[in-house]
Ligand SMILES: C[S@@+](CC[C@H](N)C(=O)[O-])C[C@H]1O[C@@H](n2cnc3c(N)ncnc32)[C@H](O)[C@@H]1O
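Encoded as structure tokens, the following chain is the form predicted alone, with no partner shown.
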Amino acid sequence: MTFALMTGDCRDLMPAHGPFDMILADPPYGDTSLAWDRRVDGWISIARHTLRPTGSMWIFGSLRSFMGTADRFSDAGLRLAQEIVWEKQNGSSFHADRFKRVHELAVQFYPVATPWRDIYNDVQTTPDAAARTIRRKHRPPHTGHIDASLYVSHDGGPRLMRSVIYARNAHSRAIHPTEKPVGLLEILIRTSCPEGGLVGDWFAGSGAAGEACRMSGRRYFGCEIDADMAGKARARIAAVLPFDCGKATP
């Protein structure tokens, strides 16, 4: 099974290793004055051409970053499908903010030439609406004279996963400043990449997506421009599943 992570610029290295069943990207948002937080020009169009016709791209960002790059997605022949909100237990704030920022967006795009019905999608559900039987053995004190009762919930069963997903961030154990939770990435991967399919991780960072691919039975090919971080990411993923040494680039 393909598991590899290269060091270098994704625009130069990733195209040769497609086509990808799904592309996952957590690019710099361009929201701050930090040296590394600079939008990467041209990668969206290049990535689009490495995507299978039935594949899609999940991209993390802020609303500000998506508004600033909206034309690049349309110019690349991509259409917005849907978005999720990642809610985290704590967040950050900028000088101009009036609310503490405790969320980020992950937005799905797919090729304009492919009808949405043909894009791979495995509907994710949650068990929190499972059918249940409830027995009331004692009269609740605030209800007056209501006898003990039994009723069965008939509207239960798995329900469609909600678009707001709570997941604790990785701050206490992160190896990258913008690391995403493995569990959150696994949800996106299971949704949009068939089992055994190939995920292209264009801004690999900590390698969390590689770990999520291992947990979900997908193949993985990533790229990280920071050599030190790439080494840490390889070590992280190798602890779960050894790399295909013939394809990994030191």
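Note that the structure is a prediction, hence the values are computed from the model and not measured. Residue numbers run from 1 along the displayed sequence.
Below, we turn to the form predicted in complex with the ligand, even though it does not appear here.
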query: Candidate stretches 62 to 70, 47 to 55, 191 to 199, 25 to 33, one within 4.5 Å of the ligand in the predicted complex by heavy atom; finding: 25 to 33
query: Partner contact for Asp226 in the predicted complex: the ligand, 4.5 angstroms, heavy atom; finding: yes
query: Any non-hydrogen atom of Val40 within 4.5 angstroms of the ligand in the predicted complex; finding: yes
query: is_contact(Asn169, the ligand) in the predicted complex, heavy atom dist at most 4.5 Å; finding: no
query: Distance check, Ala208 to the ligand in the predicted complex, heavy atom within 4.5 Å; finding: yes
query: Heavy atom distance at most 4.5 Å to the ligand in the predicted complex, all of Asp21, Ala81 and Tyr110; finding: no
query: Stretch 7 to 24: residues contacting the ligand in the predicted complex, 4.5 Å heavy atom cut-off; finding: Gly8, Asp9, Cys10, Arg11
